[in-house]
Every structure is written in structure tokens, then in C-alpha cells.
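Below you'll find only one chain, the form predicted alone, shown as C-alpha cells.
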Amino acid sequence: MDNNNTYKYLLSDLKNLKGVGLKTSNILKKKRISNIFDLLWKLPKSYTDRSISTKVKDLKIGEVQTLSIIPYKYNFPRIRKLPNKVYCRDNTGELECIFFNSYEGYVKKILPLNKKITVSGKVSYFKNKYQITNPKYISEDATLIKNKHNKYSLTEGISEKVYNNIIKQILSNIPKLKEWHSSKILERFGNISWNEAIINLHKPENIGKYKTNFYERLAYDEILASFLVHSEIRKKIKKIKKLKKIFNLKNQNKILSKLDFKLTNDQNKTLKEINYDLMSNQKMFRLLQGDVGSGKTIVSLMAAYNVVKAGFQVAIMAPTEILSRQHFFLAKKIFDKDIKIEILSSKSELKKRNKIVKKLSSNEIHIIFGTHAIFQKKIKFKKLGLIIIDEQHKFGVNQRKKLSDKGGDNCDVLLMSATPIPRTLTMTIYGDMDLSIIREKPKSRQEIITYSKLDSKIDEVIKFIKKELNDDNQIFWVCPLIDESKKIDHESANKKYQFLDKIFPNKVSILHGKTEVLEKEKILNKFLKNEIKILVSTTIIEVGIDFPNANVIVIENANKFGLSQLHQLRGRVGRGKKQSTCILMFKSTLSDNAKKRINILKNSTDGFEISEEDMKLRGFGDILGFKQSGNKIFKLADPIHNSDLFILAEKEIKKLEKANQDIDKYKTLMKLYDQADVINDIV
């Protein structure tokens, strides 16, 4: 069987397997196991050793035992609820096999009288008799039972025996694939083939052996597959020839000179990188990654300004209306009046919405701000030249590619993220994009002082808040939940609002995900104008809100958040020239990891450093404080434990790209590792 047919077999429907009917197939699909290949990555957690045979006299109650016996008598009661019994013996004693809900014919077939049968099951003892109830492993052929049987995380309705039989069937039918790695790479993994590695992965004695040739070879395969797909997307985008955007940097510098601050070295460097892409004849597909408060927004707005001056339109999307409006008002403040800008959201009035849509189609609007609503099918642009998406962590590789295609050949794409992530994760998640990083913070900003406080010391916190209010400062107070939860011991935003309102009457307001849009705007405007002193909120304020006068943030149950999310929340203050403070409140019963998280945050304000520590503590699956596209990125590979394999794969990709090498030999690899949807039109 050639590689092409092999991957088709591996990606074929589960119903092609013997013993897998519609019912079993549906049960597996509920666990996101939709094809044969998926089953290979549901690894055994432990195993039951049925290889050692014993005698009746040596049976151990409560343990799984394997023995050879001879059935000599049946007992099939006429009363329905009573179990069927088969009396068995060996030369040392007697054993009863008990069957509930089993037909006589079935019992007689599997335990025929006066024949030597091997049975394995959990032993019990009842009325001075050894018993095995509903034994699953029964055979005249002892070799079928006397083995180590893997235990998998099974779905309800599939027995261990059935699951093992399915896996064995797959492993015995996997043909040898034509090798895609070079001899040098293979040598790194002891020259083990993909086929051999898969078989080794499911051997009971190999459970948990992550630093073996077979495990690392398979981990490297999926890393390389991911990097190859990203490389092909990059190459395809680079091949697109677009109109160069011609603009005069004097106009940009004129806007910058009017600002009350100077760009940092990182901001200037990043703006040059973006401008170079915009003025080239190759399509830009770039990620701008920066720490909290590093000033990504002004860089992106200057890029938008340059694109408009080149005669094109710009669409700027943010995840929330609050953030979108903030960008909109900043643009209105700094841009010339000849730059026509508007904001569009799903809540926009129909009349106003239709007017905006019409103006976009005729290029009467140069820059449109909004949420995902600005990318609806019915919204047409006359000459879209740049798409900017802020806080785009919910966009996977598929969505990014579709986004790039949507704008057309002359439309550049800039994605932004204020969530610093470790290098291995950046390579994994954003490998299809060029990368710009802003690490440097504006010199005018002071570092935020971070304290930790037991929630029992709330009086000390209130005393501190009173002092800050007397100095005309404003406070964010963050709670995890909107309402009380009986199951989770978190402070709710509503309860905290009521508590603070009694202490600080007419100075407190509340904001959460259920607050109506108009009410949100009203509250935020009041907070911006310093009419509200304390804003109690859920994590809705995590992304983007910028209030220079807010210089204190209190975070309830800080131990319940990941480091990166706490860093994002802390970044809501420290945006003015005053000294800012973050107070992390927690309960006395802290886990060791929670203590480590709080100490790391107290000792560092570097988001990139914090994200590295977060990944070490939490694992990469939830490093950003949310699930990446709802799925685990890799099945075996781990950016922490396999960082050397990530570097190896990166070197291999660079080598392939430099030599402009054909990737035909990697097609099977890429199609197998869950990438088929992305690569169908590029390989």
C-alpha cells in the first residue's frame, strides 16, 4: 500500500473497522474520535496484567486473577432476577462463574462443560465460594488472555476488551509508510520508523515513557507537520503580488510630532517593519506582539494612517465594543479631519448601519472600527488595503488564512496580541506569520507595585483605598463571578459592589458581561470623567481598557487565575504618570503552585518572562488563560518538555525554505496530523 492509500486508510471512518458498528462509532465520535488515526492518540493510562496464571487455592480476593478451569455443571434458575451460574474447578479447588443478564445459550457457548477454559476477572468470595462475576475474558485459547491488557480512558458503553480489540486490529493493519525524514534526522531517533514507533506507543510496558526514541520521533513528526503547514501558508502569501502602497513618511512623522510622548525604540523598529511590508509588492501577514502597555495601538493606527494616505481603506476589528470605541476615539483625536472614520457594531441602529455600509462601498469612509460585525458578507469595501485585528487569540490557523483571503490580493493583514507567549508557543501558534515584538515600555510609566493580601485582611485594603481616593485616584476591583456560586467559593461582583457601596456611597459602579451595551458606555464614560471612583467588574476589563487616572487594581481570589491573565488584568493600571498598585487577594488555603504564581507576579512585570513561568507551572494547553481554539494543540509534543524538538524542527524548516526544496515527500505527514483542511489547496 502506498503512502497516499495509507493516509486514506488512517483517515477513514471508524465503521470500516471490524466490530465497530454505528453505536460504537457514535460513542467514539462524542469523544472527538472520528477516524482510525484519532484512535491511535488515545494512549493507555495503565494496564491489567493477566499474563500470570494461578490456581484456585491461591486466588486473592479483590484482585484480577487469571486461571485455567474446567466447567462441570450449569445452574440456570427459572426466576428471572437470579443470576446464571457455572460451577468450575481445577485440581486445587472450585470456582463459580456468575452471569447477570446473560442468555443460557451464550453462557453454554463460552463455557462448554468438561473443556479446559482460561478465565480472567476480579475475584470475590461469597458463601464460602470463590466467584468471578461477568468475566469478560474467557477463551479456550489461553494465549488470547495471558497478556498485559491496556486500560484506556474509555467512553461509557465500550468495554476494555472491545476497545483493546479495536486498537489491536488497527495496529496489526498499519502498513509501513515510506519514510519522510532524512537519514540524519532519523539517526536522532534511533532510526525507528513511524510504524514501529506507533506500535511501541501502545505497548503496556511503554506507558509514560516520554523520553524514548519512539515517543520523541512521533512528537517531532507532529511539530514538523505543523511547521510545514505554516511554512507553506507563508510561501503562498509571499507569492501574491500586490500593488505597492506609496505614502510619504513626512505625513506620519507630522502626526507623531503632535503626540505628547515619543515612540520607544521598539515601537519605531516595529513601525518600520510594517511600513516596509506595506510599501513592498508582497502581501503582509504579520503578528504584532507586545506586552501590556507597550503601545501597540499607536503603531497600528500609524500604519492605518499611511494606508489611507496611499488611497486605500482600513478595517480595524477588536473583540469587544468597549475596546473598539476606545481605538475609534483615539484615532479621532490624533488624525487629521480629512481622514473619515466610523464605528460599526452589531448593536448599531439599522439606519446608521445602512448609511455606513453604503459609504464603505463608495470609499467615503477611510477607516472603519468595530467588532466581528465589520467582516460580515454583506459589507463590501471599495478599496480595502489593510485589515487590523486586535487581541486576536481566538483566531486559529484556518480562520487566519480565510481572513487573509477575504481582503483580496491588495489587502495586507496585521494581527495584534497583548498576551506575550513563550517562543516555542509562538512558533507553534503563529508560525504562518511574520512577527514583530514590542518589549520596551514607555519611559514615562512607572513599574506597578504588586502586593498580596489574605482576604481576611480586607480592612487594611479598605484603609488603603480610602487614602487613594483622598488623593483623587480611581480603583478597579475585579471579581471572578457575576453572582454567588454555591459550588465555587469565589467573591461575586454583585456582592462586592453592595459591600463597597455601603462604605463609599455614590462612588461605586459595577460592570460585567451581562451589562447592556448602552449602560456599559454610560458607566465607562462616568469612570473616564472621574465621576465614578471605584469600578467593580468581572474580567471583562482584561482586554484593552485604558483609563490613565485608574492607578489601583484589586483582584479577588487571585489564586484562581493563571499568571498571564493576572498580568493582563494588572496592566489595566499604570497607564498614567502616577505610581500604580496591584493588590492580589487570596484565601489562606493556597496550593504550592498558587503561591509560586503570586510570588512570580510580585517579582516581575515582564510579560514574556511571566509567560515562560506560567507555561512551566500550568502546561501549554491553557497558557493564555483560555483554551487555544478549544483544542489541545498537539497530541504528544509539549513545548516545555520537547523544546529541543521544536528547535530541531525550526532548523529543518529554515533549511527547506532556504533551499526552496519540494515538500512532496512530506505530504502524507501533513495530511495525517489534523491539517488536511488547511493544506488541501496548498499542497
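Small disclaimer: the values here were computed from a predicted structure and weren't measured. Note that residue numbering begins at 1 and tracks the sequence as displayed.
The discussion below concerns the form predicted together with ligand ADP, not included here.
Partner contacts here mean any heavy atom within 4.5 Å of ligand ADP in the predicted bound form, and among 146-154, 588-596, 290-298, 215-223 they occur only in 290-298. No residue in the set 230, 654 and 661 has a non-hydrogen atom no more than 4.5 Å from ligand ADP in the predicted bound form.
A heavy atom within 4.5 Å of ligand ADP in the predicted bound form is found for exactly one of 442, 204, 112, 190: 442. Residue 262 is the only one of 272, 244, 262, 495 with a heavy atom lying within 4.5 Å of ligand ADP in the predicted bound form. Put simply, residue 546 is close to ligand ADP in the predicted bound form: some heavy atom of it is within 4.5 Å. The closest heavy atom approach of residue 234 to ligand ADP in the predicted bound form falls outside 4.5 Å. Contact between residue 410 and ligand ADP in the predicted bound form is not found at the 4.5 Å heavy atom cutoff. Put simply, residue 345 is far from ligand ADP in the predicted bound form: not one heavy atom of it is within 4.5 Å. Taking ligand ADP as positioned in the predicted bound form, none of the residues of 182-202 brings a heavy atom within 4.5 Å of it.
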